[in-house]
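So this first bit is one chain, no partners, the form predicted on its own, shown in structure tokens.
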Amino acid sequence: MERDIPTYSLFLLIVFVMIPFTIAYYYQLGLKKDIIWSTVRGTAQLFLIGIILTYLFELEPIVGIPLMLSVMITVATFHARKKGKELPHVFISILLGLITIELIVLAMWLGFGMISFTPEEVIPMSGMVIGNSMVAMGLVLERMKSEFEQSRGKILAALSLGATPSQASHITVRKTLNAALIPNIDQLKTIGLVQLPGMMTGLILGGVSPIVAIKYQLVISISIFSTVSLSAIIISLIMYRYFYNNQMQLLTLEEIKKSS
């Protein structure tokens, strides 16, 4: 029998929200409104998506799955582009990157028989892949802007010595990729030891055998690890080029804005 959480218990979660709120208030972090707003917004979004998924699960998979994936990818693209809005073609680059990644991972899941083509399996697992790829792309864009600014002198020196933009940017791109990949590497190292991952925990709470839950968790964890790496590489190799003009001169963010 499915176990439910009493509705009144959910209201008591305000106790947990008050912990970061109190810290923000005491240390004057300026985050009080953000904490309240993010909590309210997150709660509303989850209940809304619950209603939407209930409807989508009743549709034919060939209709419901593409519809929901399109919404997920579009929202993820708009969110990730905020980190690199100064760069040209950032929206289309992220959009095509996320579509490519989703198609690759979905083809592997279905081709190897890891999941079936049903909304109940494809949508939640794809959401985790798209969400983590979105975060990785946003992190890459933010870190890349910072690295190009900090390493400007070294890059100009390399260019003056005859290096191509690709050669001059090698260390900057490498540092950017390191920053994007290290959190996922650390998380994969400690999986099952420091934490029981969300998908595995949810399946166990839902009554699934721990061994079966572990199999599903392995599929999603390795998939996320791979797609985060791929998304970081894709956006890095595309975006670093926009820091140079046609004469292979290094541009500032302000110059990039004006030229785009």
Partner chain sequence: MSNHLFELSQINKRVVSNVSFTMKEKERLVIFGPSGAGKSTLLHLFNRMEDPDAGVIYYKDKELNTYSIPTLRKEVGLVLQEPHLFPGTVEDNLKFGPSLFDEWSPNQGEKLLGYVNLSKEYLNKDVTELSGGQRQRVSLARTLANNPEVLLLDEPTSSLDEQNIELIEHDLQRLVEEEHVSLVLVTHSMQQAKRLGTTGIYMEEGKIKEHGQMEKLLSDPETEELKQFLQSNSI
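Positions refer to the first chain, counted from 1. Because the structure is predicted, anything quoted here is derived from the model rather than measured.
Not pictured, yet referred to below: the form predicted together with the partner chain.
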Contact assignment for the partner chain in the predicted complex, among 104, 157, 188, 114, heavy atom within 4.5 Å: 157
Contact residue in the predicted complex, chosen from 171, 128, 75, 99 - any heavy atom within 4.5 Å of the partner chain: 171
Option from 135 to 143, 161 to 169, 84 to 92, 179 to 187 whose residues, in the predicted complex, bring a heavy atom within 4.5 Å of the partner chain: 161 to 169
Distance check, residue 248 to the partner chain in the predicted complex, heavy atom within 4.5 Å: yes
